[in-house]
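This document opens with one chain alone, in structure tokens, the form predicted alone.
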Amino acid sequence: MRSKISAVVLGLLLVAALSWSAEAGAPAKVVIGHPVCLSGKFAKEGSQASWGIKACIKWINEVHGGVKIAGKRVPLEYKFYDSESKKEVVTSLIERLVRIDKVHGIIAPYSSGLTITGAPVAERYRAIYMSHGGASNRIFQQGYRYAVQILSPATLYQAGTLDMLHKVDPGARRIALAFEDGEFARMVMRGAEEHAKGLGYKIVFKRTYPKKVTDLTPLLSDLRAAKPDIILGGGHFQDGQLFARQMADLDINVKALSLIVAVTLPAFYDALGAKAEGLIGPAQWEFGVKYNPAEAKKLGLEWFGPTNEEFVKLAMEFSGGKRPDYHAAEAGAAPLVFVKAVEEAGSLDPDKIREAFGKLHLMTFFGEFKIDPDTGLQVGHSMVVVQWQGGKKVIVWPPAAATGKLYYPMPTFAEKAKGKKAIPK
């Protein structure tokens, strides 16, 4: 009984510590915590996320002047620890961030699986929990009050790709689905299947493969027998790279191959070279997208944060000169919208911040931000589709954001081996 009473008392003390309001005067600082994946399976994505967050916090403090609260501007501090891409570490670090570091909001770790793992812990402490790399819709179907999604949900990842291909080649009707057996990828596959059927496509192959797979030859051999026109698949970087490499080894050629996550990373082309030519993939953001103050004004939205060019320049200060990808952008958007919610709430009370989040509709360099006020699911942000053309990533969809035209059908692997590039004439 004593331990239960102690837990209740501790919870009340933590709520009091987190629930700062304007009557108390301005706090000395606002702190945002993050169990970031700097090692383990998601080290590449986690490192990118840290660059983006640091870049936007620097903009907030040095350009915006800090967080405006109680008539003053105070600095935003970033407190982070390496979660090692492990579930048990994520939960313990969230406890530490809330109980010891007294953070005012938490940026979730990368991936849907880790984000789901940490959500109930954040919920228990009434901590705002921002999902920048957890796209699974299921996170926002559990009734969590304090979870907020920054990126587009998983079910919409391949929607733009399907719309684009349907417009370019209405005659290509046969689709194969082959995704990693993980929370995020399964949700992408579910959404892709539903959207494809709605467009009149025929699903001729549907299968998942294990996490940490080392050989996709049996699956790809069966997939070849189904004779698809289009393949949608993938999960994360390592399996996506393996997928494309073994497609080439087996000389399996289709009109279009769209892989989630892996294709968007510069390391994908570094690893595969010419084999990556013509491959496409959905991205949450890409340098060159036309999100800017003028576009926001056209839509009647407030613009907040650095421009795309400013963000990239800032992120490269923390990346050692490496160019950021969408993992950095989606994570960088988290402190931006958090600051806007705090400023709108005029308080660090998590309930008031969450209420403010539900009313926000604005544009940042990452695109539109708007959530379903009841569930926290992202409903404002749109995906883009990129394609590797001549060793460069080009935005090919939607037309309003495109920086080039789609090369279709993609070159065969034999053609690519002879030096053919996916460069439109």
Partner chain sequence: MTWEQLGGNLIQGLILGGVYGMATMGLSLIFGVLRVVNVGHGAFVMVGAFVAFWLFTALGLTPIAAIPAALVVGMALGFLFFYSVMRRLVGAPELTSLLATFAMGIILEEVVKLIFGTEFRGYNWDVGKMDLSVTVLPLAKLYAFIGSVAIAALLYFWFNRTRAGTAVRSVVEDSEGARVCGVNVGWVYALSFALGIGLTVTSGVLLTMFIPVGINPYMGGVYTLKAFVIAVLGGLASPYGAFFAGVIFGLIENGSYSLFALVPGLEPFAMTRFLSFAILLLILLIRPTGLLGTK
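The structure displayed is predicted, hence computed values, not measured ones. Numbering follows the first chain given and starts at 1.
The form predicted together with the partner chain exists for this protein as well; it is not shown, and the discussion that follows is about that form.
When you look in the predicted bound form, the only residue of K44, K54, K370, H64 with a non-hydrogen atom within 4.5 Å of the partner chain is K44.
The listed set A159, L219, A345, A296 contains one residue whose heavy atoms approach the partner chain in the predicted bound form to within 4.5 Å, identified as L219. Contact annotation: S382 falls outside 4.5 Å of the partner chain in the predicted bound form, judged by heavy atom distances.
Mapping the unseen interface onto this chain, V74 falls outside it, with no heavy atom inside 4.5 Å of the partner chain in the predicted bound form.
Using a 4.5 angstroms threshold between heavy atoms, K255 stays clear of the partner chain in the predicted bound form. In the predicted bound form, P210 approaches the partner chain with a heavy atom inside 4.5 Å. Partner contacts here mean any heavy atom within 4.5 Å of the partner chain in the predicted bound form, and among 36 to 44, 362 to 370, 66 to 74, 382 to 390 they occur only in 36 to 44. Annotated contacts: N292, E302 and K313 are all free of the partner chain in the predicted bound form [non-hydrogen atom within 4.5 angstroms]. Residues of 264 to 279 that come within 4.5 Å of the partner chain in the predicted bound form, judged by any heavy atom, are A267, D270, A271, L272, G273, K275 in sequence order.
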